[in-house]
Ligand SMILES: Cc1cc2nc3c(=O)[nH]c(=O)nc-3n(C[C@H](O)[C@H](O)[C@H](O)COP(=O)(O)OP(=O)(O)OC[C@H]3O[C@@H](n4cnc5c(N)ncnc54)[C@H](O)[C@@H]3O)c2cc1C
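Before any questions on binding or motion, here is one chain by itself as structure tokens, the form predicted on its own.
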């Protein structure tokens, strides 16, 4: 069989790409190696309602788990900072349902979707899959982190995320724990779906994710685990080239997740939308500049923010616990108020800088980072 576009990977970026290509009247096949769209669910599920709106998604009642009211940040010493998150309109979504909602949009526009079908190899504009060989004009790689780490493992961190039943999980409250010894280069988190139900995760450079997770859960108290997911996360930012010949790379496979948190529903989703539009233009014009406009458009939207996030990551990885505690103690109520009033969850480097106390505590920052902080503050 022959298609204008074959998309390998049926997650957010691949499905949005399929929707846009099909909407323009071109034939598109999405192949997903797992037995179900939306599974396995690696994502924490945090996204802004406005971000989903930009992507053309009005979440169904099945898609939304809860609304976040507050974020609680914890330093190694136990110092807590409470951030009011109401203004950011952040929701916790059920990724299984969100992916299915996007898949339905893609199908309604004419896309064909096949699960339990994996890409084996490509040759001469043919995708050799576990379900047969398909001809294509454009191949889209949307296979996620598994695709990118085949080329570069330096940007990955080990992570574990469990679905948990526990009385200590509070609806509306996200918890983040910083500890450079337990979670080097990252943190642990609790994201609630409802009272007593949520996702608990840990990530860090070179950690044993299972042992680290078990120690964290032991410290929190009684709980029941109903699901375990282990997967590397990518924190090195976008790859150099999103387009190689007639192969287009989107989402996590293109490094479009945030370097600070590895969250990527919005940034990867936008990548899929922009890629789909560029591919559609190319199929009509046969002008390769139309295809390459995808990377230019994505970079115009996210490039500067991601550069700052990469720099923030570089600095965070140099912090020891003593320094993290000092920064937490230097954050003033005015800074907390300023962060709480920031209403842009999807472009958050400014909030990160404030959270670290860099603008309000330049003496500490300059001692740690010297002149490097100017790149973040400008």
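The shown structure was predicted, so the numbers you read here are calculated from the model rather than taken from an experiment. Positions refer to the first chain, counted from 1.
Although not depicted, the form predicted together with the named molecule is the subject of the following passage.
Engineer: 34, 95 and 189 - do all three of these have some heavy atom no more than 4.5 Å from the named molecule in the predicted complex?
Structural biologist: Answer is yes for this spot.
Engineer: Taking the partner as it appears in the predicted complex, which of 214 to 222, 68 to 76, 230 to 238, 297 to 305 has residues with heavy atoms within 4.5 Å of the named molecule?
Structural biologist: That would be stretch 230 to 238.
Engineer: Go through 180, 156, 117, 101 and name the one with a heavy atom inside 4.5 Å of the named molecule in the predicted complex.
Structural biologist: Only one option qualifies, and that one is 117.
Engineer: So, in the predicted complex, is residue 278 in contact with the named molecule at a 4.5 angstroms heavy atom limit?
Structural biologist: Outside the cut-off, so no.
Engineer: I'd like to check something about residue 259: if you look in the predicted complex, is any of its heavy atoms closer than or equal to 4.5 Å to a heavy atom of the named molecule?
Structural biologist: The answer is no: residue 259 has no heavy atom within 4.5 Å of the named molecule.
Engineer: Find out whether any non-hydrogen atom of residue 28 is located within 4.5 angstroms of the named molecule in the predicted complex, and reply yes or no.
Structural biologist: Judged by the heavy-atom cut-off of 4.5 Å, residue 28 is well away from the named molecule in the predicted complex.
Engineer: Looking in the predicted complex, any heavy atom of residue 264 within 4.5 Å of the named molecule?
Structural biologist: Within the cut-off, so yes.
Engineer: Within 4.5 Å of the named molecule in the predicted complex, counting any non-hydrogen atom, which residues from 44 to 65 show up?
Structural biologist: In sequence order, 44, 45, 46 come within 4.5 Å of the partner.
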